[in-house]
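As a starting point, one isolated chain is supplied in structure tokens, in the form predicted alone.
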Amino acid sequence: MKSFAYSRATSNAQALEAARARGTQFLAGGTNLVDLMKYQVEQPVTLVDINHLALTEISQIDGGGISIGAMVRNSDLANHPLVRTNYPLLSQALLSGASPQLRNMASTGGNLMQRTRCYYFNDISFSACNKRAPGSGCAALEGYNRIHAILGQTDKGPTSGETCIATHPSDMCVAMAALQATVEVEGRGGRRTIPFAEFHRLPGNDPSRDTTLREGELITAVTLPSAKFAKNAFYLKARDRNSYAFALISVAAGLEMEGTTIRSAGLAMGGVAHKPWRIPEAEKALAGQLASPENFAHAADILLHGAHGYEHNRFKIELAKQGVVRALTVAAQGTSEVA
């Protein structure tokens, strides 16, 4: 680990002022950042500890939604009565991730900022990593790519190629994508609200950038709209072992039901792309339809349109399609009490 300076902020204004210095990063739970510093992937000049900011509340807001402070710990969020009752999809996703010890440390804002668990990104002995060293290539393309992306690897530019096939690792973010959350931030230009679909980036020509945050911006809260999927929601996670493992694929499925007819849907995937993968057309295809295997398979085909794999991960395409059908089927049967 490289040496660094450390300071502690006790207000948002103090944190934002400290972030003006080049090479500064915010430190929340540190469950991802500290590991990357040990690997020398991240080498901040200064860490600004934001654990003492007043961003730890979960509260109801006008319109029936909730606001989640950026420093709310994952374990507290998963077990909060408002979340367990109204947003079981989020609670299920959080409880499927990491371990109790990590959930006790990890913050909501930090979870949004998680970086990929790609083998080649995390090991600086591999020089070819466009995310770590732009322009160096992507070792995963011809390497061991079992956990890597099957969607969103290229943008629509005429000169773009597959610059990065890493995947975003968060479970929480997949649920928030399906719930159509928004992210509240503060920066030098004031406050702004970012729709969740626009917060994370596909790799495009600059895979080193994971989010659309501007330099020095601080996440202050995540807002969820009024609950529609409390009675019919399910988070499915397919992984190599039942705990402390990242998703090969995951599915966040929420349904608003009227009898056996779907009024509206929220549907997103993890483990398949550089960001949580949500295609609104797949949700629209379910609206007004019967909750049936055929309609679920149609939504899966829309969500997975254009998917392509590599030597070691082609199995993920079919796994993802079956996972979508399974998650929607269980969601339609009704939400069980979160364990």
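Note that residue numbering follows the sequence shown and begins at 1. This is a predicted model, so every value here is computed, not measured.
The form predicted together with a small molecule is left out here; the points below concern that form.
Put simply, P169 is close to the small molecule in the model of the complex: some heavy atom of it is within 4.5 Å.
Contact annotation: Q25 falls within 4.5 Å of the small molecule in the model of the complex, judged by heavy atom distances. Contact annotation: N130 falls outside 4.5 Å of the small molecule in the model of the complex, judged by heavy atom distances. Interface residue remark: E256 is not counted as part of the site for the small molecule in the model of the complex, having no heavy atom within 4.5 Å. Contact with the small molecule in the model of the complex, defined as a heavy atom within 4.5 Å, is made by none of I147, R314 and K321. Residue-level contacts in the model of the complex: of Q153, N111, T116, S250, one residue has a heavy atom within 4.5 Å of the small molecule, and it is N111. The partner is absent here, but in the model of the complex a heavy atom of L218, alone among V83, I194, L202, L218, sits within 4.5 Å of the small molecule. Per the 4.5 Å heavy atom criterion, the small molecule in the model of the complex is contacted by stretch 26 to 34, the sole one of 26 to 34, 56 to 64, 295 to 303, 279 to 287.
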